[in-house]
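One chain comes next, on its own, written as structure tokens: the form predicted alone.
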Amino acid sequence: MGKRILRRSKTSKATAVSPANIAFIKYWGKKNSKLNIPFNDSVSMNLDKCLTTTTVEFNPRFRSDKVIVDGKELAEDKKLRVLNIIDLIREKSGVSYGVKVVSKNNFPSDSGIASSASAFSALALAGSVASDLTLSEKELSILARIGSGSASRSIVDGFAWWKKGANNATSFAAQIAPESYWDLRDIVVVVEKMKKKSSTEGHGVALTSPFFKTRQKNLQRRTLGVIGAIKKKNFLKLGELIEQEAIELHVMAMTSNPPIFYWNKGTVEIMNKIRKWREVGLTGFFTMDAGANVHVICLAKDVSKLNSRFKRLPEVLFTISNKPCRGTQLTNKHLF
């Protein structure tokens, strides 16, 4: 897909809406933690019902920078992570005004549904346009990545391939297929709403797992297998590979030093149910990011049946049914 050039804004305020994504091939371990450059490529699909809306305004009347998420001002450490992106935008655009950032999620944050991916991709687009900065899709993916690695993928429409690259200029996401290409569905089965352990912590200790090097040796073949399965719409092959990948990621987390345990009783129960239901012809495949909640990938024809079964399980709090969607987009519906 060609570059998507963002038109210059006539005002200092802009709002973007961006989806979370589910990683079919996971991003785990950083070569460069400051720039979020990973050890391996990753592949994902955008989720149309897990969205972050962010409004950014630069204004000479603002005497200090303010960042509000879901109605609350961010603590200083999280605020600095947001302002790091804002400062990069200021540097590129020449804007020196104070900023106000207001962001809102329509799904549980910090629970393994990639809220940082939707948040920083929305911030990158809204901040760039509010500062009158024109960026290509590649440049926007790079900027979003510095805030959160997985945010690089949410910039792109549909199915994305984040190539690890060798440096800041070569680590970005590109499209594998548009959102309309394949009517896959993702059912987020929520078994825990409490804040999870930070994935940043997991990245930091990833190399301590004895399985890290083995994983790196296997990843290129699996990554190309997942990309090929998407291009050929080979659902069974995709499912086989994403389950292998999800289990491997969590084995690495559990065997790092110190170990990190993201699963709970509900996570294991959902995985077991999925495998059992496949034996009787109801086909779905599980994957998880860094959290207890399970993403079940299925075809559109099986969404209703799977959803009704999940909702009868005592471990399940609720579900969110998603289909592939476009990446980060501008909207005129500002939050302030």
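All residue numbers refer to positions in the sequence shown, first residue = 1. Source: prediction; values computed, not measured.
We do not show the form predicted in complex with a further copy of the same chain, though everything after this point is about it.
Pick from 48, 269, 302, 41: which has a non-hydrogen atom within 4.5 Å of a further copy of the same chain in the predicted complex? Answer to the contact question: 269.
Would you kindly say which of 93, 264, 234, 105 lies with a heavy atom within 4.5 Å of a further copy of the same chain in the predicted complex? Exactly one residue meets the criterion: 264.
For a further copy of the same chain, considered in the predicted complex: do all three of 210, 215 and 315 come within 4.5 Å of it, counting heavy atoms only? Yes.
Looking at 114-122, 246-254, 164-172, 179-187, which lies within 4.5 angstroms of a further copy of the same chain in the predicted complex, counting heavy atoms? Looking at the other structure, the answer is 246-254.
Exercise: residue 311 in contact with a further copy of the same chain in the predicted complex, heavy atom 4.5 Å: Residue 311: no contact with a further copy of the same chain in the predicted complex.
Would you check, heavy atoms only and a 4.5 Å threshold, whether residue 276 touches a further copy of the same chain in the predicted complex? It does not: once a further copy of the same chain is placed as it appears in the predicted complex, residue 276 has no heavy atom within 4.5 Å of it.
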